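Consider the single chain below, provided in structure tokens and representing the form predicted alone.
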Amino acid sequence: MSKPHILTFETYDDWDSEPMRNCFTVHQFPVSGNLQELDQGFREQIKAFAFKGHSILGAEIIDGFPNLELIANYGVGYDTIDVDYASSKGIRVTNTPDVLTDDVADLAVGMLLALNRGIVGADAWVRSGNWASNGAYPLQRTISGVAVGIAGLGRIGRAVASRLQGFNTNIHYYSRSEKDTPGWSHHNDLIDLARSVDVLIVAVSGGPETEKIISKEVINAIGADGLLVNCARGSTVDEEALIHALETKALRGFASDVFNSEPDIDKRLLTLDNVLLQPHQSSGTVETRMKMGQLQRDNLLAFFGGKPLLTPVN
């Protein structure tokens, strides 16, 4: 019996590519992104995508595969996939939630600690010889006991808040409706949340509904002594307003794993000394990436086996 044909996007590690080839006949989408490089007859064989990457998967590519029925996304975020269009064509979309929650939350807390305590700069201080020649590193700030706001109390937002409870922080959160929490303070207005906290952590989902939800007004409300940490999507922050606030010291600091034009991020961010930048690697551990690949394959296997999808989006 022949194996089902699937189309993959970008490259996979050996621990994913080998089991994928064992289960499916795997074809690669052109690196150039040019759909016309693929023969029409071949395109008609494809019923499922194993999608991976940050490029846009829209109507043009979807329409290029007339028998497409499933887009299995590698990652929890699916804002680069036109899910509404896929739904209108009867195409299912899946993602890989839960398996990366812990790593994303861990890095968010790690970025906050590193930014607030100047950990990266202190390391450079030692390596450069400044400690020996110029004495102690400049004093930093404490995190224990401060007020922390979580914008978006989904899986990741809740995991971040739970971790920060261990630092005796006062947890506030933004959501449309009040959630079941261990006494955390609910806000249904982001500006009100930002005014109430010392640190604001962005954990909302990406997509048009949350584009620039961290607006100029929200950033200004955090205040000159506040910190902003983004573990969501670059699109959620008004980057122009953010950079202006950082340049004028209207915001004490910013840490992020995500950006608007990644990996070619705004060059002004690279010149600032009050930022901590990460290369979109919040799920970048061996353990989590293996689980993500497995869940993507499990959704593909469920589809071809006529079984319910494990983590449907639409």
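None of these values were measured; they are calculated from a predicted model. All residue numbers refer to positions in the sequence shown, first residue = 1.
This next part talks about the form predicted in complex with 2-keto-D-gluconic acid (8YV), which is not shown.
K.L.:
Using a 4.5 Å heavy atom cut-off, which of 280-288, 243-251, 23-31, 41-49 contacts 2-keto-D-gluconic acid (8YV) in the predicted bound form?
P.N.:
Partner-contacting stretch among the options: 280-288.
K.L.:
Only one of Val204, Leu107, Ile222, Leu100 gets a heavy atom within 4.5 Å of 2-keto-D-gluconic acid (8YV) in the predicted bound form. Which one?
P.N.:
Looking at Val204, Leu107, Ile222, Leu100 one by one, just Leu100 meets the 4.5 Å heavy-atom criterion.
K.L.:
Counting non-hydrogen atoms within 4.5 angstroms of 2-keto-D-gluconic acid (8YV) in the predicted bound form, say which of Val218, Val93, Val197, Val76 makes the cut.
P.N.:
Filtering the options by heavy-atom distance leaves Val76.
K.L.:
With a 4.5 Å heavy atom cut-off, would you call Met292 a contact of 2-keto-D-gluconic acid (8YV) in the predicted bound form?
P.N.:
Result yes; Met292 sits at the interface with 2-keto-D-gluconic acid (8YV) in the predicted bound form.
K.L.:
In the predicted bound form, is there a heavy atom of 2-keto-D-gluconic acid (8YV) that lies within 4.5 Å of any heavy atom of Arg233, even though the partner is absent here?
P.N.:
Arg233 belongs to the contact set for 2-keto-D-gluconic acid (8YV).
K.L.:
Whether His54 contacts 2-keto-D-gluconic acid (8YV) in the predicted bound form should be assessed with a 4.5 Å heavy atom distance threshold; does it?
P.N.:
Contact check for His54: yes, within 4.5 Å of 2-keto-D-gluconic acid (8YV) in the predicted bound form.
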